[in-house]
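First comes one chain, alone, set out as structure tokens in the form predicted alone.
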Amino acid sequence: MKGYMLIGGKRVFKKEEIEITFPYDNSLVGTIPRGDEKDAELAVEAAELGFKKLKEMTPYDRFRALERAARLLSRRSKEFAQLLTLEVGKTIKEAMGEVGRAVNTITLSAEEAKRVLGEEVRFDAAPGVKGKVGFYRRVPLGVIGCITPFNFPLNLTCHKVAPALAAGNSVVIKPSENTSLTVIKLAELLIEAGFPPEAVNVITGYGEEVGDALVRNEKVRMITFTGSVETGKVIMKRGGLKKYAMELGSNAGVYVDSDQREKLSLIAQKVALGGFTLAGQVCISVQRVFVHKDLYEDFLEKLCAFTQRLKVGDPRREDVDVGPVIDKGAADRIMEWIEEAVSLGGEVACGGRRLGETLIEPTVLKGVPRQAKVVSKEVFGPVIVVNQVSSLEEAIEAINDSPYGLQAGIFTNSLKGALKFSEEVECGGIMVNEIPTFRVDQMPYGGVKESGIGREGPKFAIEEMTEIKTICFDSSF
């Protein structure tokens, strides 16, 4: 499949190309152009024209276009899912799930297009002011740069692009070089649904080249980015005076309280699914599990029993539960981190083997010290660390001992304990009797500390992607 950039509605090819390969066996999926600074400039110029054209569309027009886009995507579910499996390496079951979520994200954004609201400002509430009335409106920013990751190239692109269009902004999308073909198809679908061709642009290539040029462009009013903490910091340093929304790293923690013995099997199953979905390559994958000492050994036994039943292999097969990680470099790093954890005193409770260049057995580690990378950093692979604690307070301290703060979870029957956990754990989202991997697309989603800035979810993303304009009338003049 030969990919291209989409600039002002035109397909742009280049002599120099980047290969996209299937993570499972490294076979060629397609190619994309290696974009450069000039391509980024042309895309931003097109997006400026697209922004002007979007002003001619009413909120209802934008609602209808997004609604049509959701229907088109739903009809082409299998096509998009198959491409997701080939580009990302996620199982076909996971890919179909992502397409369904993307349809929902676009639909939610369509509804929000009709709800970009302001409210009255009571100027006469200030001393000495009479006869002045007014209000504020939320207005679009202009051109928004959307830099999207490899793990959910369809739905996470929708989380940026659909709210931007709903609010009346134009976009320039820079997808991951590993998963650009899916994003190109999505952009074409949005144009087919009724958005001006200049309003939806895609530039492809490496982040340090075409992505950097997009970030530095002063005509780009906002950058919305999902990726690593390190890259997020570089973007904010280089981008200058513009708005940012950053969805960055995590090493999500969950606590299992001593009163959960009767539900321990269910909790173990949830934890495994939360840690090994998409081979652990999810920002809110369960990574650190803290279990009360009274349940620790039983929990480990149940978690490993379920984990060992998961089938690892070719993600195109319907019966496969866990596919490959994105590339050999990622697999090398994950195995190095597992080996480091063991060298520091941790133990492999189950898994831990490399089954191929990019296939890693779902792995449960126990008794791993905090300085190990699998505890202190983001693994982004099929690894769960289970350590024991003696109290809720110890669990809270351990979960907070992290530079990240995206989501966390607790399983408990104690309302007092759940409230204490939700108040004291430093995260953007707290899940009670649920794993931290839980997310629905309409909720406010984002983190604190090094997990990011701003919130996603169509309603909340639109707040990030608009600015307030205040209007005052002197009725006595």
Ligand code: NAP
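This one's a predicted model, so the numbers in the text were calculated from it and none came from an experiment. When you see a residue number, it is the position in the sequence shown, counting from 1.
There is another form of this protein, the form predicted in complex with the named molecule, and it is not shown here; the text below is about that form.
Trainee: Could you tell me which stretch in 341-349, 173-181, 381-389, 317-325 has residues with non-hydrogen atoms within 4.5 Å of the named molecule in the predicted bound form?
Mentor: Single hit among the candidates: 173-181.
Trainee: I need to confirm a contact call. Of Gly227, Gly274, Pro196, Gly405, which residue comes within 4.5 Å of the named molecule in the predicted bound form, counting heavy atoms only?
Mentor: None of the other options qualify; the answer is Gly227.
Trainee: Would you mind picking the one in Arg309, Arg238, Arg122, Arg353 that has a heavy atom within 4.5 Å of the named molecule in the predicted bound form?
Mentor: If I apply the 4.5 Å criterion carefully, the residue I get is Arg238.
Trainee: Any chance Tyr206, Thr231 and Gly249 all have a heavy atom within 4.5 Å of the named molecule in the predicted bound form?
Mentor: Yes, each of Tyr206, Thr231 and Gly249 comes within 4.5 Å of the named molecule in the predicted bound form.
Trainee: Using 4.5 Å between non-hydrogen atoms, is Ile147 touching the named molecule in the predicted bound form?
Mentor: Ile147 belongs to the contact set for the named molecule.
Trainee: Is Thr107 a contact residue for the named molecule in the predicted bound form, using a 4.5 Å heavy atom cut-off?
Mentor: Outside the cut-off, so no.
Trainee: Does the 4.5 Å heavy atom contact test between Gly211 and the named molecule in the predicted bound form come out positive?
Mentor: Contact check for Gly211: yes, within 4.5 Å of the named molecule in the predicted bound form.
Trainee: Test of understanding: in the predicted bound form, would Tyr445 fall inside 4.5 Å of the named molecule by heavy atoms?
Mentor: The answer is yes: Tyr445 has a heavy atom within 4.5 Å of the named molecule.
Trainee: Of 99-119, which residues get within 4.5 Å of the named molecule in the predicted bound form if you count heavy atoms?
Mentor: Going through 99-119 in order - heavy atoms within 4.5 Å of the named molecule in the predicted bound form - there are no hits.
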